[in-house]
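Just one chain is shown here, as structure tokens, and it is the form predicted alone.
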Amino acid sequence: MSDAVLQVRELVKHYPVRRGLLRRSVAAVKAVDGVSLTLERGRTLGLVGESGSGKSTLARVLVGIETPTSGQVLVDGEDVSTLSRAGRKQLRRDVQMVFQDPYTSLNPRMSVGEIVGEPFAIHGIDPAGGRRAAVGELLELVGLDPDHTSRYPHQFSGGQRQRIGIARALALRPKVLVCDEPVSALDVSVQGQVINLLEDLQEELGLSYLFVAHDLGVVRHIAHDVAVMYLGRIVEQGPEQPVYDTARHPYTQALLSAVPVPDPAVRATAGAAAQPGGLVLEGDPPSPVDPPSGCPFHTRCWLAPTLPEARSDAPGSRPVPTVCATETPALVPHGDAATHVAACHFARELAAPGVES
């Protein structure tokens, strides 16, 4: 069997923009625009990017909450779109999701026992020893008291609620957990506890994680591989160490420079990120309804305006469009690792050490 438990091939998710009395489609929000990813068995793939980059939309497509516009999602080599109704129900057992907000992802009218045991009821599963015993084992697995099954979500802290959400996701013994920013709503001290729990569960149960986050410090702690997403596309991807230590895309470098570093001496030796205030991106991300031509990042990239093609010495002449504005860069290998790819026309010139987290 292949080591790839989850594969995404040229995945596209567009949302129509409708206007007028007849609600005609006049445009489309290109939330995910041709993403390809591979998650290997027993490993963690960190998906990072700022808000609006399409990370959560991609996660919702992978678990079947949203239907893709085009492209393929393969679980253990099987194309999800070709599965029968029974096959898709099995898929939902194999790929589960841990949601971002532990306060809204749990039904306040259901007890913890009902919440964690609900997957058994939906799929008609009767665990050995009974559902009550199985729920108790799941709660114990995530570090909660199995005697608290009769309590309700409001009687638990934020970190405990997220543990309940993890227990619910593990009920059907999935192969893949899609974690959509599972610690962003928690205190920093609690974040570490939940991350350590996820790592322990991965080692014990052989789970594979797609870990969506915007905190690169957290991602570096848990992820084996990293994919950087911007405006619905992957702009850099590779093993954790090459991506962090020798980032090849300007956007990745900007994200790394924003990671807080307590020791000023360490930050002063952090290469490109040693600039005062880091690499500060100007302006907002372009609209996904009308993304820019060429490289999607060129409107905010500090390199594009300084390239020779962008300048003209003739008085009154207009800037000449650069290759960044006219040609979309492909994800190609750079550096020593063939698996480290970046979508930048000048990636070979951009090798820069990342920021220690």
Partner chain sequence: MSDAVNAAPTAPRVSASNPLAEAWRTLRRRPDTVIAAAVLLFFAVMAAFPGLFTSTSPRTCPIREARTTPQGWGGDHPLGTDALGCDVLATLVHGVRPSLLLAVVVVGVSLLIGVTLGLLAGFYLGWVDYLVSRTVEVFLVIPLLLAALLVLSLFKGVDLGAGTFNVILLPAVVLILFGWMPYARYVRASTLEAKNLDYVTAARSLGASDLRVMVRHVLPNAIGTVTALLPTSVAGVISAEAVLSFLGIGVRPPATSWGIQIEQGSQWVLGGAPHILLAPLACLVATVLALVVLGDALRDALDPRLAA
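Positions refer to the first chain, counted from 1. Predicted, not measured: the structure shown is a model, and the values here were computed from it.
There is another form of this protein, the form predicted together with the partner chain, and it is not shown here; the text below is about that form.
Checking Met229, Leu186, Val75, Ala213 against the partner chain in the predicted complex, a heavy atom within 4.5 Å turns up for just one residue: Leu186. Note on contacts: among Leu83, Ile122, Ala133, Leu205, the single residue with a heavy atom within 4.5 Å of the partner chain in the predicted complex is Ile122.
Residue contact check for Ser105: one or more of its heavy atoms lie within 4.5 Å of the partner chain in the predicted complex. Interface membership of Ile65, defined by any non-hydrogen atom within 4.5 Å of the partner chain in the predicted complex, is confirmed. Within this chain, Glu118 lines the site of the partner chain in the predicted complex, having a heavy atom no more than 4.5 Å away.
Shown alone here, Arg168 lies within 4.5 Å of the partner chain in the predicted complex, counting heavy atoms only. Contacts between stretch 153 to 183 and the partner chain, counted in the predicted complex as any heavy atom lying within 4.5 Å, involve His154, Gln155, Arg168, Leu172, listed in sequence order.
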